[in-house]
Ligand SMILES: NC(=O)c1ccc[n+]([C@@H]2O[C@H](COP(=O)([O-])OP(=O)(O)OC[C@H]3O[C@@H](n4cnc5c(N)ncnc54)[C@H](O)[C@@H]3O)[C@@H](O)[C@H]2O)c1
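As a starting point, one isolated chain is supplied in C-alpha cells, in the form predicted alone.
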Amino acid sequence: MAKEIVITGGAGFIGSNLALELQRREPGAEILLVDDFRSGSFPNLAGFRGDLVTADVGLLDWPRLLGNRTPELVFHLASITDTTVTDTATQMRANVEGWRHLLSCFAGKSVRLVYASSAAVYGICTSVRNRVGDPERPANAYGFSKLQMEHLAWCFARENPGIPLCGLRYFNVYGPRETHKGKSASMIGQLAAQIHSGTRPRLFVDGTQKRDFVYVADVVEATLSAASAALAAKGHAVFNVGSGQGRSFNEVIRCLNAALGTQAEPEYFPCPYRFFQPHTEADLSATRATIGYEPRFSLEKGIEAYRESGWLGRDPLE
C-alpha cells in the first residue's frame, strides 16, 4: 500500500475504521492521523498505535509538521458530516477551504490523494439509480460543499497532472464507531438506539423512502481499493461507493428487529426537511470496472455484523 500514510478525520467514523484496518494490513507503515475532534471520538481509536495530531486541517502548518517528508498516500476524510447544518458558509469553510489548504500544501509532490465526497451531490433526482456523470443538483449546503470539493479537485488535477486524485461518493454508511455522531449518525444507528432504549423507532411519513445503505467495512474496502488503483492512473476520477441496492426504512426496521430480537413498531411523522432525498441507489458499474470494488454486505448481513461488533444500539464503552 504505502509506508507513510496520512488520514485526516482519523478519529471519526470512517476514518477510525480505515486507520485500524490499515494498521492491521500494513503493520510496517507509519500512519499519521489528523483530527480536531469537532466530530471525532477518542474511543474510536482504541488499539491504534500510530501518531495523532489534534488540529484543524484547514489551519494546519503541513510543511512544519512533515518537514522534508512527503507521505506517499493521503486519505482526506475530515469534514462536517451533519447534513442538517444549513449554514452554507460554515459548510464551505470547513469542507472546501480545508481541502483547498491541503491541496496547496501537496501541490507538485509525489503523493496519491483519496478524498470523501458524498451521494448528497445528486440531490433530489428522479432517476432510479445514481450514476457519476448524471446532473448534480445538491439540495443542501453539505451536498453543495462536497460538489465544490470535486470541482476543486478537477482544477488541481489540471495543474498537477502527475498526482492521482480519487473522489469517493459515499452513500449512507453505517456500522461500528459512529455512536459519537449522535443525531448525525446513520439512521440505522439511530433507529437501533431508539429500539434499545425502549422507544418506538421514528420514521418520516410512511417509511417507504429508500436509501443505499452501505456497511462501513465495504466502504473501507472501496477506499483502499481506490488508493491501490491510483497507482496505475494519473489525474482525477470520481466513483460511487454504496451497496448498489436501495432499501426502504421499513425494511431497516424489520432487519433491526431480526438482529435485536425485538418487535418494535415504527412511529411515523412528517418530514421537516425540504432537501430530504426520497431515493438513493448507487450505480456501481464504473466502480467495479475501475477499482475492482464489490460490496460484500447486504443490508441483512451488514446489520448482523453491526450487532456482532457490540456497537449496534449502544456504545460498548458505556
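None of these values were measured; they are calculated from a predicted model. Note that residue numbering follows the sequence shown and begins at 1.
Another form exists, predicted together with the named molecule; not displayed. Remarks below refer to it.
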* **Options 254 to 262, 51 to 59, 66 to 74, 277 to 285; stretch whose heavy atom lies within 4.5 Å of the named molecule in the model of the complex** => 51 to 59
* Should Leu299 be classed as touching the named molecule in the model of the complex when contacts are defined as heavy atoms within 4.5 Å? -> no
* **Tyr215, heavy atom within 4.5 angstroms of the named molecule in the model of the complex** => no
* **Any non-hydrogen atom of Leu113 within 4.5 angstroms of the named molecule in the model of the complex** => no
* Asked: Taking heavy atoms and a 4.5 Å cut-off, does Phe269 contact the named molecule in the model of the complex?
  -> no
* Asked: Just one of Phe239, Tyr122, Phe144, Phe171 has a heavy atom within 4.5 angstroms of the named molecule in the model of the complex, so which one?
  -> Phe171
* Residues from 79 to 109 in contact with the named molecule (non-hydrogen atom within 4.5 Å) in the model of the complex -> Ser79, Ile80, Thr81
